[in-house]
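Here we start with a single chain on its own, the form predicted on its own, put down as structure tokens.
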């Protein structure tokens, strides 16, 4: 069992998704249950499904000094950074600590592979990429992080985490270790993933994509709706931001059970959950709300519903918000961490949007409709392909006093 960790301040955070740009748009959509899914209009060939597309990405080219990084994924990252004064907050951290003492750790599943897809569709007569896409840095998995480091002027450790759907949840764990070990004083964490043919047709080939808007934890759920998102957070030691929400704990585990199916008894997910509670120094009964992974796939939802039922009492509320945003893959961890932080801030438990007939496997903790209640401790679950699991625990600052 891991030792309890010192809480970290989440001194800034933001997100862009199908719900809108920035915290105000997300809080409004969550309170109203206003989802952002729409029929697929982005794949290069017809694919009947629903997607969570971010509005305005195509209208926001990168500024001249960053034009070498131009691609849709980095555009979404740039859009996400320029909200809620996030760039300014990171700039202040760099002034306090020095840019070399601020780490950058981001999660993604495909990074800017959409640009590589375009390049292969436009190969010239000699089989070479078109001239405008002969930029090797955007065809690498590290493209996102290298771009954000350039855009923010960060000079500290710079890491890409790619563990499928848990990618941008695991970045919080990596950041805590770097800060605790004294290697840095702050860390920018987050993730970005954009819609592209690779994810749409890849997941469709696995028979995981629903032809209708996804319905997490519905008895007749038919699979996932894929979305895109960008999200970022700034982590510092608690005394740097006394009133900011806290990262209390995290848990990570790997099932190693199957390429795309979780352990049937959820052993890896349960280990991650219990490790997160141990690092936070909390019992399960102290968690007020859980933002579930809840993809609307058959097996994942079944395993997670059983885990919630055997671990938490009915007073702990739980819901999936993927019916509102779609499954944003490598950006799901940060997007749902931001949603959990908004739930904490506003006292809003988002409803499990999209469900018509709840799966009988779901217990009384499930919040099918949006609820208002005081929340002091919240959790966010991210359970990825191959059983890469991560759980995060956040709390209001006064809950740790």
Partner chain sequence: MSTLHVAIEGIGLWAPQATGLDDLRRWLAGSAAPSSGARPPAAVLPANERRRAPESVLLATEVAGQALAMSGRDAAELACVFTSSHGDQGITDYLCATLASTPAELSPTKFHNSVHNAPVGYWTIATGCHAASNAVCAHRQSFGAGLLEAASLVAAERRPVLLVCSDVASSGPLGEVTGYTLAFGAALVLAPPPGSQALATLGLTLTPDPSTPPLWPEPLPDWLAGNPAAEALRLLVPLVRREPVAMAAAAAELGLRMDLEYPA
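Residue numbers count along the first chain shown, from 1. These numbers come from a predicted model, not from an experiment.
Keep in mind the form predicted in complex with its partner chain is missing from the figure; the text below concerns it.
### Query
Looking in the model of the complex, any heavy atom of residue 155 within 4.5 Å of its partner chain?
Yes, residue 155 sits close enough to its partner chain in the model of the complex that at least one of its heavy atoms falls within 4.5 Å.
### Message
residue 206 versus its partner chain, in the model of the complex: is there a non-hydrogen atom within 4.5 Å?
### Response
Heavy-atom contact with its partner chain at 4.5 Å: present for residue 206.
### Query
Does residue 286 reach its partner chain in the model of the complex if we count a contact as any heavy atom within 4.5 Å?
Contact with its partner chain, no.
### Query
Taking heavy atoms and a 4.5 Å cut-off, does residue 298 contact its partner chain in the model of the complex?
Judged by the heavy-atom cut-off of 4.5 Å, residue 298 is well away from its partner chain in the model of the complex.
### Query
When its partner chain is placed as it is in the model of the complex, which of 308-316, 215-223, 74-82, 194-202 ends up with heavy atoms within 4.5 Å of it?
It is the stretch 194-202.
### Selected contact from 94, 159, 151, 244, since only one has a non-hydrogen atom within 4.5 angstroms of its partner chain in the model of the complex
After the contact test, the surviving option is 159.
### Message
Considering non-hydrogen atoms and a 4.5 Å limit, which listed residue (113, 90, 186, 248) is close to its partner chain in the model of the complex?
### Response
Checking each option against its partner chain in the model of the complex, the one that comes within 4.5 Å is 113.
### Message
Only counting heavy atoms and a 4.5 Å limit, does any residue of 245-277 reach its partner chain in the model of the complex, and if so which ones?
### Response
If the 4.5 Å heavy-atom criterion is applied to its partner chain in the model of the complex, 245-277 yields 250, 252, 253, 254, 255, 256, 257, 258, 259, 260, 267, 271.
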